[in-house]
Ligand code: ADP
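Okay, here we've got a single chain as structure tokens, the form predicted on its own, with questions on binding and movement later.
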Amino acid sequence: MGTLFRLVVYSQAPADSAARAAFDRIAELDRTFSDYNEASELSRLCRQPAGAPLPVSADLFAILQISQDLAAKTHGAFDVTLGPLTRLWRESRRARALPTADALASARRAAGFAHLHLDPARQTATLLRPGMALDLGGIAKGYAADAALNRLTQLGFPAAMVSASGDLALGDPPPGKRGWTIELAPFGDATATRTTLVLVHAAVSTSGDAEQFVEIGGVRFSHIIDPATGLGLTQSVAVTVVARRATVADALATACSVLDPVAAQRLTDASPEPVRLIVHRRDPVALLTSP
């Protein structure tokens, strides 16, 4: 999934075997979700001929269902079928050059969540257009963090935290604490005023361009794709979402990075579970936060 996972576990009993089981679960999901691995289940699905249904695992079907539901709610602001655009933009970031109009048009024709069909009865996924590719980068880390925390809890180690880059899944609090203390440093600026959260049985996800960006022609582009242009986002924001599950927090943070502030607030307000939205802006300096 292109990131590092870290576990923090509090226990009076040795936790080595439980930690290994949690890392094994993460590795299993990496073999399922990674679009960097040609042997992953996701990659095999993307090689399937257009219109040919493929039976998929419970994990892959579940994450695609969640993704499609959010894609519909955001009218495509969150869309895992943007894989062709994601791959094109990776090449542009490496070359520090915008893609050609023809390449961009071709990638956009191969994307669109309406062209991914899921059959719950048969647990199959079908890519309906030639050249389609899926990218779970906006949700897979959160899903894996949830799964690892669940594995630790099942094995008797509920006082734990799973960190996956900008995504955190938090279980019972550390001994003697009322919760996990999380400090948000917008844009990685250690000198900026920080927002401090104290959380238990919750998840935190932050999306932004603090680390992953490229400057082309004097314009700063994020790694996050704007579906409206097919290019990286140019508005510099750091979006943090606090939710019950890391899967939800991860996906919503990605979606809210693309949406305008009013639409982002409307999306989180409509969530069936409590969600807090915090948006830091680089210029002008501003902070939007919901309860």
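Heads up: residue numbers just count along the shown sequence, starting at 1. What you see is a predicted model; the values in this text were computed from it and never measured.
Although not depicted, the form predicted together with ligand ADP is the subject of the following passage.
Among 107 to 115, 174 to 182, 136 to 144, 213 to 221, the region lying within 4.5 Å of ligand ADP in the predicted bound form by heavy atom distance: Result for this chain: 136 to 144.
Heavy atom of residue 60 within 4.5 Å of ligand ADP in the predicted bound form: Flag for residue 60 set to no.
Contact test in the predicted bound form: residue 42 vs ligand ADP, heavy atoms, 4.5 Å: Close contact is absent here: in the predicted bound form, residue 42 is far from ligand ADP, nothing within 4.5 Å, heavy atoms only.
Distance check, residue 258 to ligand ADP in the predicted bound form, heavy atom within 4.5 Å: Because a heavy atom of residue 258 falls inside 4.5 Å of ligand ADP in the predicted bound form, the answer is yes.
Ligand ADP contact in the predicted bound form: residue 88, any heavy atom under 4.5 Å: No.
Contacting member of 159, 203, 77, 125, with respect to ligand ADP in the predicted bound form [4.5 Å, heavy atom]: Partner contact (heavy atom, 4.5 Å) among the options: 77.
Contacts with ligand ADP in the predicted bound form, stretch 151 to 167 (heavy atom within 4.5 Å): Just 167.
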